[in-house]
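What follows is one chain in structure tokens, specifically the form predicted alone.
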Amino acid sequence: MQAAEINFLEDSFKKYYFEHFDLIRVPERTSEREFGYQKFNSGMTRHIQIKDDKELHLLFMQNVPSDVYCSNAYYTFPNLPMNEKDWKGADLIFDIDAKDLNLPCREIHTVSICNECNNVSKNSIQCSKCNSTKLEKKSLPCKNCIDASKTEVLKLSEVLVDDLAVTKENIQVYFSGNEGFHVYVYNSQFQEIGSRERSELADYISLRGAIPETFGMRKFKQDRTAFPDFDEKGWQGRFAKQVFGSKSKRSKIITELLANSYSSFQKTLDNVSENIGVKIDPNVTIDIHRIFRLPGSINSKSGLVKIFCENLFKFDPYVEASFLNNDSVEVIANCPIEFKLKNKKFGPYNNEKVSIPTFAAVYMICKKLAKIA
């Protein structure tokens, strides 16, 4: 990124933090967390201890970060190297991202940026200008992406509450600032479990690694009564609803399943897992030392804010997470697809000079689809 773009983004971000610091959610037990930040075109600075929101505000004003992070973990000494921090526990966090949902619409709103000649085109495997295959992909997620991600959040919440005894009050959902949602679980029985146990938890939630015996299918001594029924709790009940469809079809489908092979049932189970398992990024859940984007901070991949979702059903990130101002700025825009922010449509642009609001200019610059004119 060139100096003109960096200066513009830093000015825009600094103004946001000055005017909207009240949106920053300083976590509980602040002084026990590790903080970190990045600046444009530079690496990560981490192992920082922050005592309160005054210190955090000072960090924002002195550094004008591109991204700010905070650990889900609690430490005795958060400012020391990792092996000296003395880990005490960690909130449980799940990452649901549209890029992991394999949605067909993604092809439509992904652009390819050539690393050789900087040519921008609609999603492709080869540069249309110089034929290079060294392409960087940038997605401008659509409403369908967000809605599909919301569905996964609702599925996750159901499993957490119904299967794992997490209370709804201890679940908080945030738009990540780019393509999905972060789901936080506070004050639960899972605070002090380690990576191995969190891995098993992630497997359960995504229904990964499930075996046929759990759902009634056996290699030997088959038993019709072992198959789950509709009123069973947890994955057994969900499996019954997905595979049998209705109570009237249950007996017939069980007969068909028993007539097929054990390996055939495993394929059925894999398909069920793909359809009803919650699509989370397991690496995020497993990592007990990860630092996460701070709620209320700007995501430099989009210029949108990581924001708390009070009403997930009504939440529209392209309105509610866009806080930068409407001041006009001239940019050279090279965005081959249309996008929408704050109920206004922008693009497509073919390497042309346009005057657009700051919030849209920041969005495109963050996506590498525009530069200051």
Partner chain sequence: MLELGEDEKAKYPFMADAGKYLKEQGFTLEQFGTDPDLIPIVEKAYTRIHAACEMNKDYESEIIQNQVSNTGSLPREVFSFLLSIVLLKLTGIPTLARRFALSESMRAEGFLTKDLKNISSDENELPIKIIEDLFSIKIKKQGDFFIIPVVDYIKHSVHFHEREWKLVNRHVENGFVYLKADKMVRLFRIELGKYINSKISSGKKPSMIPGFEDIVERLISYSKKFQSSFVTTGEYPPCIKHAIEVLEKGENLPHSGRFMLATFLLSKEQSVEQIAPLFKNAPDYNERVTLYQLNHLAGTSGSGTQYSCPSCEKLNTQNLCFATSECDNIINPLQFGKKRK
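Residue numbers count along the first chain shown, from 1. Since the structure is predicted, the reported quantities are computational estimates derived from the model, not experimental observations.
There is another form of this protein, the form predicted in complex with its partner chain, and it is not shown here; the text below is about that form.
For the options C130, I211, L154, I108, the one in contact with its partner chain in the predicted complex, meaning a heavy atom within 4.5 Å, is I211. Screening A73, L207, I113, I253 for any heavy atom within 4.5 Å of its partner chain in the predicted complex leaves a single hit, L207. Comparing 96 to 104, 298 to 306, 198 to 206, 176 to 184 against its partner chain in the predicted complex, the single stretch with non-hydrogen atoms within 4.5 angstroms of it is 198 to 206. Its partner chain is not shown here, but in the predicted complex it comes within 4.5 Å of a heavy atom of Q236. The closest non-hydrogen atom of M82 lies within 4.5 Å of its partner chain in the predicted complex. Interface residue remark: H289 is counted as part of the site for its partner chain in the predicted complex, having a heavy atom within 4.5 Å. Contact check for Q266: a non-hydrogen atom falls within 4.5 Å of its partner chain in the predicted complex.
Looking at 151 to 189, the residues that come within 4.5 Å of its partner chain in the predicted complex, counting any heavy atom, are D162, D163, L164, A165, Q189.
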